[in-house]
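Just the one chain here, the form predicted on its own, laid out as structure tokens.
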């Protein structure tokens, strides 16, 4: 294992220190317990959006704290859920009279700890659960995993909260976007968790892992490495079969890199995926390409499709200013 670190134990704090210094105009870093929050005060009565999860997926979630998106993010250790005390401290810090909306990826540890935190909060709160990974069946024992579609939920709900939507409205909107979003990923290599020091799973040079999770979990099946066209067709078909978009449907297409895939390849995937849905009459009117929900040093990518209407497009287009998403 080759990593630019001083030690496994200090990695997260040192990284967050650097992140806070680099973006000191946008965010502030609370060290005990760890959370990142917006530096600028928000309007009284604004719903506070809080998300979080294990580190190793940067820029999700810390890089999405700022105007028009999250009010706070709670980073756990690498691929490990943040603790309830982080969530409680973050909520108490950013709650501003409008209540708190937790946006949670569907992983057992995240769900459990956010529920515990919610039970201990005095303010009004709601939760949006994101489970957009169609590589798992809907009736899977723990439900589908929350992956790159989480960013889409955070952006659209963040815009609504910034515009003055109530907690009930933000919760309903978040559920609506989550239900209109589907994702699936593929890995060309495994990732290496520093504390482990070896790849999370073994994969042959001529294999890919179809339907992989963002923590290096095995996917649907290992497959022989093939062309980008075949890979995109496989991913897009699974998404299309799940969402069943109609001809004329407007959509947002997000190609997400897992950390070690060049942008050249991600844009190639975007071209292929856009052609796939254009041939089926789906109008891809919004796009996002890049490394946003990563898995440390994994080579691979995911495709996310979100079905849009005019309201969702307006909210997606609304101004946002975070470390890693801004317009």
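Numbering follows the first chain given and starts at 1. Worth saying up front: this structure is predicted, and the values here are computed from it rather than measured.
Same protein, other form: the form predicted in complex with another copy of the chain, not shown, and the subject of what follows.
Student: Honest question, do 32, 91 and 313 all end up within 4.5 Å of another copy of the chain in the predicted bound form by heavy atom distance?
Tutor: Not one of the three qualifies.
Student: Considering non-hydrogen atoms and a 4.5 Å limit, which listed residue (221, 139, 205, 119) is close to another copy of the chain in the predicted bound form?
Tutor: Result of the distance check: 205.
Student: So which of 172, 163, 228, 196 gets a non-hydrogen atom within 4.5 Å of another copy of the chain in the predicted bound form?
Tutor: Checked against the cut-off, the match is 228.
Student: Does residue 279 make contact with another copy of the chain in the predicted bound form, using a 4.5 Å heavy atom cut-off?
Tutor: Although another copy of the chain is absent here, residue 279 would stay clear of it in the predicted bound form, with no heavy atoms inside 4.5 Å.
Student: Taking heavy atoms only, is residue 14 within 4.5 angstroms of another copy of the chain in the predicted bound form?
Tutor: Contact check for residue 14: yes, within 4.5 Å of another copy of the chain in the predicted bound form.
Student: I'd like to check something about residue 186: if you look in the predicted bound form, is any of its heavy atoms closer than or equal to 4.5 Å to a heavy atom of another copy of the chain?
Tutor: Taking the distances in the predicted bound form, the answer for residue 186 is yes, it comes within 4.5 Å of another copy of the chain.
Student: Does another copy of the chain come within 4.5 Å of any heavy atom of residue 271 in the predicted bound form?
Tutor: Residue-level check for residue 271: yes, a contact with another copy of the chain.
Student: Within 4.5 Å, heavy atoms only, one stretch in 144-152, 102-110, 205-213, 127-135 touches another copy of the chain in the predicted bound form. Which?
Tutor: Within 4.5 Å of the partner lies stretch 205-213.
Student: What residues of 259-281, in sequence order, lie within 4.5 Å of another copy of the chain in the predicted bound form by heavy atom?
Tutor: Contacting residues: 259, 260, 262, 263, 264, 265, 267, 268, 269, 270, 271, 272, 274, 275.
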